[in-house]
Each structure stands twice: as C-alpha cells, then as structure tokens.
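In what follows, one protein chain appears twice in different forms, each by itself as structure tokens: structure 1 and structure 2.
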Structure 1
Amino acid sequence: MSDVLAVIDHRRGQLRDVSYELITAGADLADAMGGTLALAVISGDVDQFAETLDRDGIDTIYTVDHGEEFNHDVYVQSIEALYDELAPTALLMPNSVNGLDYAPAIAERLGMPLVTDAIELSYDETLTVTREMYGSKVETTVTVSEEPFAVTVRGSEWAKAEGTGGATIEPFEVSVDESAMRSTVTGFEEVGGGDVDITDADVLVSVGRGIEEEENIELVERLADALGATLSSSRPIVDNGWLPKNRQVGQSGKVVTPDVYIAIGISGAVQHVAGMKGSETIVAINTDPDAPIFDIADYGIIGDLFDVVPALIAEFDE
C-alpha cells in the first residue's frame, strides 16, 4: 500500500493554517505514490474539525476523541495505533512547535527515517524532499530510500486545500495508556502585551543582530523617530533583553503587515520572515548580498548599517 497519513494541527480550539496545507501536500504526494490520503484529527472538538477539514482529495478522516488540548504522549500513542491499523507509507506532520514535540518521537518509535521542515516534496519510486540549511542560505534535496518514512512540512509553503470533499469520517478508538504519560499541560499564557502594538504600525523600522551592541539600538530609534515609524526587531534583540518582547516580529512574536517594513541587519531566517512577509513594501539593509532577506525584499541596500542609517537619518532630519 502506498498511502499517506497526515496529522492535523490545532491549538486551543482552532485549526491551524498548516492543516489545510498538509491536505494539499498529502493529496499531491498520495497522487504521485498512487495511493490515498487519510487525515488524523487527534484531541479537541474532533467532529467539528473533521467536518471543516473535509476538502477535495481526502479519502478518510480518522478522529481520535481524547482530551481537549495537545499532549504529545496522546499524539504518539494515537498515531502509533493508527499506523498499526492503516500501515501508511508516508506520515506527514506539521513542522510547528507542537509538530516538533511529537514527530521525532513517533518516527523514532516506529523506526522510520525522518526528514523535517520540507518545503517541497516529490515522489518517483523514492521520496525527494527539498529543505533549507544554514539559516536559509542554502537549499538541499535529500532522497529517502526507505519506506515507510516520516516528514514534517513547513507552514505557508503549500496552498491551502479548497473545495468540499466527500471523505468518510471515521471515529477511531485509542485506549490511551495513562500510565505512560509523562507530561501534563497545566495552562497557557499570552505574552508580549504592553504599551506598543507593532501590528498597528504603518511603518516599521526593524532591527536585527547586525546592530551588534545594546548601545547602538539608539541609532535605529533615531531613524524610527525621523521617519515617524515604530521600532520592532528580530528575536536575538529581544533574547538579549535590548527590546521588550512586544517588539518581536516572527513566528513566536507578532505577525505584522505594515505599508513599509525596513529590515536593518536582519538575515531573514524563516521564523522571522513568517512574521513580516505580508508587508506591503519590504526594504532591507544588510552587508551580506547572500542574506535571504534580499529574496523577499522589494528594495535593498547592500551596505553597512552604521554608514547607511546615519545617512538616512540625515536625509529626513534636514
């Protein structure tokens, strides 16, 4: 059998976008393998999720009704049980934070080779996966010559599945072994609130590790003032405590869509880009012509921010 089982991502009652993208990736892969696509919907309001997810290209949606929130032990046990029953050739999972909390464990348990963070999949007798290395500076292809295999899929790389499908929705009983559960989720907290909401800004001046020292933050603050813009940053600036968490743009920070986003000394790692690629106009200032930020920028200056930023401030302060 050459079938694909894709595991759906949801959080706090909401299906996450990558779920619909997994359907597209899974349906394409199933086509190429000459098999069918099944979905696994584990925990939460599984009936409602299954109905919402019923898009073109899905054969069966298996629902495992156990608990409200994500727990990796429940996921691993459920996927193992589904695997024993269905024997899929391909296991597709999201490369989300929760995906990375169970995908390596289930692959290890089932003895499957694992390739993470796929941005492209193709299948012609064997699987070929495209992925990135070195902070998105190089792209690679890997082939996987063993089946079954497990792959995690990067968000926003595949289109969201559309159309209404005619999948069979099948409740799947898993007797979860509570004694094997080694972790308990006790709550959630939203962080990054405060006085400034960078998602409201029309113009963002955003600073990254290229700024080198805390005392240099003042330079980009002056630029933001001169432009009437709001200051935001990449993660290392917040990790270092140079700016508060509510300024962080990216996967674990805020998603921003300003009219103009000026990235200064930011390389353009995927987790940063996830938070700003929807900006109307993107400007990048970076010494490194190979920096991935230039792949998504509309305008750029290859140069030293310590020369360019003062010159830009002078232009506006005149």
Structure 2
Amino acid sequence: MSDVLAVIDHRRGQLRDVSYELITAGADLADAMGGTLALAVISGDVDQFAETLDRDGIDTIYTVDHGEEFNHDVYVQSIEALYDELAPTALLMPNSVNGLDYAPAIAERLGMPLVTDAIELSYDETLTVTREMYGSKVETTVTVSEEPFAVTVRGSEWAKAEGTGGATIEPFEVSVDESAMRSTVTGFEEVGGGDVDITDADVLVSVGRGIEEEENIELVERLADALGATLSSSRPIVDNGWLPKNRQVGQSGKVVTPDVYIAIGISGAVQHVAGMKGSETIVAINTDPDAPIFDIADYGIIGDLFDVVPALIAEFDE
C-alpha cells in the first residue's frame, strides 16, 4: 500500500494556511495511490497543532516535540527518521520559506527526486505535477516515474481541509544529534516592517498603478477605513516607495486569501494574480474593459477609480 507523508507548516505559534491545504492535496494523492495519509507536526505546541489539524482524510498524525520554532537541522533529522520508520512513497512539503529551506536537503539525503512549487498533482501509476513558469505565464507538467518522490506544494492552490477527522495522534521520538546542529533561531523579524499582516485580513482593498500619484492613495485608504478593511497593493506601488513591502500582494510579495479582495487600478498581471486568485470574492475597478483582472473578478466596475471610489465611500459611510 502506498503512503503519503505531509509535513505541516507553522510560524510563531500559528499554523499556516498551507498546512490545511497540504491535507487536501495529500488526501487526494493518497486516494489516487490507494494508500493512506500521515502528517508530521514538528516543533512548537505539537499536541495543540495535531488536535487542530485532525481533519477528514488523515490516518495518523505524528508529533515531534523538539523546540518551539523552525530549525533546519531539527526538521531534516526528524523527517529523515520518520521516513526511515514509515517508508512513504510520497513526501509532501509546503512551498514556503521554511519548506524550501529543508526540502532540498531532505531530497538529497534520501536520494529522491524533488519537484517544487506544485499547483496540481495527479497520479496514475506515475506522478504528474503541474507547475507554472516564466512568471506564471506558462503552465508545464512534470512526470515523475521514480518512487519515492518529494514535492513542495504552493499555498492557495488547494481548498483547506474540512471535517472533524478521527486520526490517530502518535508522539514520535527523534534522537536529535545536537552536535550536528549548525543553526540556531535567535529571533523573528517581519520583512518590510510594520505591524500589519495582510495574510490575516478578511477584507483587502488593494491599490495599483492606476492611482497615478502617491497622494491619491489617501482616497483608497478612506475606502478601506469605511469598510473596516486592510490596505494592500501591487508591486509598482511598493517599488515607488509609496507603501512598505509588507503590503505587497503577488508572486514577489505575499499570497492572500481574504473573503473579499477589491482591486483598484490594478490591471491583473500574472505576477499579481498569483498572489490573490485564491480570494473568495474578487471585485475589480478599472477603466480598461479588457484588463486581465476582469477575467478572474466575480464583480467588475468599468470606470475611473476617482469617480467610483468616492461614490463607494459615500455609500458605505451611510
């Protein structure tokens, strides 16, 4: 029987959204392979994480209680020990900052092929991985005929796992070789500064180059305030220095999945779309009826943002 082992992602005491998406991807793959799905929860509050993650489709959740935050050497040693014990056919890891830190080391140590940044997986005797290239302009497929194999999964491409589960939670003892520890976590600093994490926002109002001038951003900020929303932006706004890096949505910024995403003056370049296409509802405001953003928008307003946004502010203020 073929098995899938998925490694969960967490940071600063919080499970990352990709953890729930890994469960969905892993359960689908395990079903196609005729096997079972196991999770690996390493470091942090592993007992609480395991209970929270217990969703439909999981057979066993293995917890490795060692340290609080991510450490490259702990993860590598723990995953290698789990692999030696479980001998899974497929190893799934997040395509996150942490995942991309340890995934290549694991693949090299275990002698298995590694495919990164998967947006779709299918299995029919061999694994087929769909990826994007050239700034998400082209989709490609990679066929992996060698087993076992390792894959990193891009966040926001799979639905979050649901259900109440019923998995077996088992502590897994790993004798971490302290002498092999070559790195130590000394702290955590948010890139770009600021105290706002746009990935946690339920409603995002995002501004693009259509705003024309820095002083015009105040107009969009007023709309965000009226909605109780968080302000974000496309890359040109950050490149111009009008908003800090931690506000940027996109391939080179942050991936967001709010309930509502309002794109104002954003054309919809593939790099930006890659960071927000998982939003539940997308509203676009643009003067160009052929702007790519309208291809993914649930609601579109073709008009000048300097006319539309004040009208929306007045409506919501009432």
Ligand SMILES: Cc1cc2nc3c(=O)[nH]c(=O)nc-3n(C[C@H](O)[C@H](O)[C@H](O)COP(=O)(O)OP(=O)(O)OC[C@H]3O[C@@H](n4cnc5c(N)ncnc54)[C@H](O)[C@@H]3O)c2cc1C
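Here the structure is a predicted model, which is why all the values come from computation and not from measurement. For clarity, a rigid core is taken as the largest C-alpha set superposing within 1.5 Å between two forms. Sequence positions of structure 1, starting at 1, serve as the residue numbers.
Only structure 2 matches the form predicted on its own. Pro258 shows a C-alpha shift of 2 Å or greater between structure 1 and structure 2 [criterion: core-superposed Cα displacement of 2 Å].
Relative to the superposed rigid core, the position of the CA of Val220 differs between structure 1 and structure 2 by 2 Å or more. Thr63 is not among the residues whose C-alpha shifts by 2 Å or more between structure 1 and structure 2 once the rigid core is aligned; its shift stays under 2 Å. Superposed on the rigid core, the forms differ at Val249: its CA is offset by 3.8 Å between structure 1 and structure 2.
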